[in-house]
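Okay, so here's just one chain, in structure tokens, the form predicted alone.
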């Protein structure tokens, strides 16, 4: 006998993975654009958050395309959190592509190609298309068979009769046998709500008619209401794609459906470069669709963290890419002060060439004070479901100021594990932190150990 037990949901320990920036929900701005000191998971950095809020407004007004922003500050001052908050503010419909500077170095493709690929991933295209469709509940599904023209005992399907019903009427359709194959793939049965495109014959199963909702006590079906209007209607379909999706779709060779063709596709290299000529052709088609009002360009955000890892070739290419007619908003982040530009002997602020710095909107992030560090640790502990008392929080904050905020936050989870071992489930106390300090050292202590024991280490 199959046992079905109810899953109890409570306020106990969370099973969901808690990532580094799970607590960041938005920029935490008031309606007038000013930042609250503590809001939406953010603490402090009010000027930087207000600047990012203005950038979000410019992006929404489509006045930021082809421009770039640099988030500059010391490690652990919230640069990545600001970029993620910008993506939260923009919503799911605007493409947001986060990468790290070192990602462009690959043995498979050129650096500039990897950079351009990410540029194209960050540019969306919203295509609005009005299609003639037949939509309704399937009332009849009858394949009509004929004798196989090649002889033998088998029979082939000559056509399929489909009955569709909506609120305003019913229709019986005779469709091509190829549509029947699609119906079988979608597992369409009588009682399902489907729509069939008149021009292409594409079939989409929307769900099961809600009239069958009480048929079973337990089943994994999505029930949808009977479509309104006539069975045959015009329907506006909105599709969101990126320019990279279009590049890949046009660059991939169209092989056959037989076994040999499929096997040959598997043996081909996974990563292929897309030529500038192909991209230029796609840009022309996209521009034509925009001029006709069929499509709308949605410039997204390309976030390049650790931008100082790019070399002079990438920076030169980045300059050119920003000047192109179709380009996204680029947000760069660097934790370097005056550093050598990779691939040269020139030293520049943030490891970025001066000519590129001149065209950036630079948003500085400032170091946190001890009160802000304590607030951040309190928010993080709450996100992880931990109970940390005031003396321990203060000690964590002192540790964060003495070493780094990141190190203090890293100690939260092992301290919670030690508390659990001692029978204090999620109740972190001072002794747990002190034990963690004995077990784990910060980077400064590690450096001092290496300096004092140079003879014991390999050069």
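Numbering follows the first chain given and starts at 1. Note that the structure is a prediction, hence the values are computed from the model and not measured.
Only in words, not in the display: the form predicted together with a small molecule, which the text now covers.
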For this session: Give a yes or no for residue 306: in the predicted complex, does one of its heavy atoms lie within 4.5 Å of a heavy atom belonging to the small molecule?
Result: yes
For this session: State yes or no: in the predicted complex, is some non-hydrogen atom of residue 41 no more than 4.5 angstroms from a non-hydrogen atom of the small molecule?
Result: yes
For this session: Could you confirm whether residue 76 comes within 4.5 Å of the small molecule in the predicted complex, counting heavy atoms only?
Result: yes
For this session: Using a 4.5 Å heavy atom cut-off, state whether residue 436 contacts the small molecule in the predicted complex.
Result: no
Seminar exercise, completed: Answer among 341-349, 76-84, 243-251, 312-320 for heavy atoms within 4.5 Å of the small molecule in the predicted complex: the stretch 76-84
Exercise. Which of these residues, 394, 406, 424, 67, gets a heavy atom within 4.5 Å of the small molecule in the predicted complex?
Worked result: 406
Exercise. Of 363, 376, 203, 295, which one comes within 4.5 Å of the small molecule in the predicted complex, counting heavy atoms only?
Worked result: 376
